[in-house]
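Only one chain comes next, encoded as structure tokens, the form predicted on its own.
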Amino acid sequence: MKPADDKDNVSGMGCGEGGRNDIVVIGGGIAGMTASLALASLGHKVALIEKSDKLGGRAGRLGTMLPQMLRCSEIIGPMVFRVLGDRNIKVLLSSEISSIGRDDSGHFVEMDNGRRETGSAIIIATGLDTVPAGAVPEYGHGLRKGVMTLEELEERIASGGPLSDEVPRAIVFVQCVGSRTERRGVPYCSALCCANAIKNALLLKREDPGRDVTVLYIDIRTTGKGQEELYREARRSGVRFIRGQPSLVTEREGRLLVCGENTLLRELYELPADLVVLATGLRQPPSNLLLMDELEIAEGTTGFPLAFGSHTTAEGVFLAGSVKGPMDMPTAERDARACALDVHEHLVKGPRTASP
């Protein structure tokens, strides 16, 4: 089916009064789109609100998806096409939320363009942001040429752009930058960093087996489906793994130099590099925290909302995807489908009479 023209189907450009829906979904990433499509297939009217000018979220900017190593565009592109072509889904792009809550009309969302959407339920699928790499200034992000974040590397690979001015021969990945630290980032494991670094290290090795690719880590955590197999393949392909984060990224004779201690062998290392890739942690953006406050959703000690499956402590408000905690794309899709079923039950059977 050919999707409707943007002017008919994507209504986030104008202002004025919106409409009544069964569900309002906040966030047009993979979780928000998956939940919207599932609910639309059950006959529900959905308003899908996205603050940027296109659907896809963070996943839409990345290169490949674990564990199949498919290009993300092969997954996201058809999903966007289906969302835009579904008559039960109203898409509102470039729509920043100015107010959200509940009144006699049900749940409402007001946007900065003056539009107002209401529904019997709300799904929050706003995802997470990365911890700024500048939280660890000794690694030189933004200061030293050739230092970039893992997300920046993925975006360059996805766009077909160059990794640097010259073809890098030696590449060093640094794990847990701003993650698993109380002082400069977030205290928890961000779950995706190890697998994403391994994925990209393997891609760089496949492209040129002669490259010197090293991963510096605290612990390798490959918990998702197929991730351990990729780790083993990376080791077989010649990717080197050294336990111990670096203390400093500096320069010597015109090249980057990564300095630290191998905590297994208890010896110092100095690794010359053409490219240093920082795997930064994931955190709740301030906009998520504001949403939780306005909706009076209880939060845990790490800033993530308390959830009982997809249910929150606010009646009729549900969570889908990594807003609940870091998760990879396949997990976010499964979580969003489960959320859609919970919302469908809520709409058909009414509010729960007991706490989850």
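What you see is a predicted model; the values in this text were computed from it and never measured. Sequential numbering from 1, following the sequence displayed.
Same protein, other form: the form predicted together with a small molecule, not shown, and the subject of what follows.
- Checking 292, 329, 317, 37 against the small molecule in the model of the complex, a heavy atom within 4.5 Å turns up for just one residue: 329.
- Only one of 201, 192, 91, 174 comes within 4.5 Å of the small molecule in the model of the complex through a heavy atom, and that residue is 192.
- Partner contact region in the model of the complex: 53-61, out of 37-45, 306-314, 293-301, 53-61, criterion any non-hydrogen atom within 4.5 Å of the small molecule.
- By the criterion of a heavy atom within 4.5 Å, residue 196 is counted among the residues contacting the small molecule in the model of the complex.
- Residue 220 falls outside the set of residues with a heavy atom inside 4.5 Å of the small molecule in the model of the complex.
- In the model of the complex, the small molecule lies farther than 4.5 Å from every heavy atom of residue 256.
- The small molecule in the model of the complex comes within 4.5 Å of no heavy atom belonging to residue 186.
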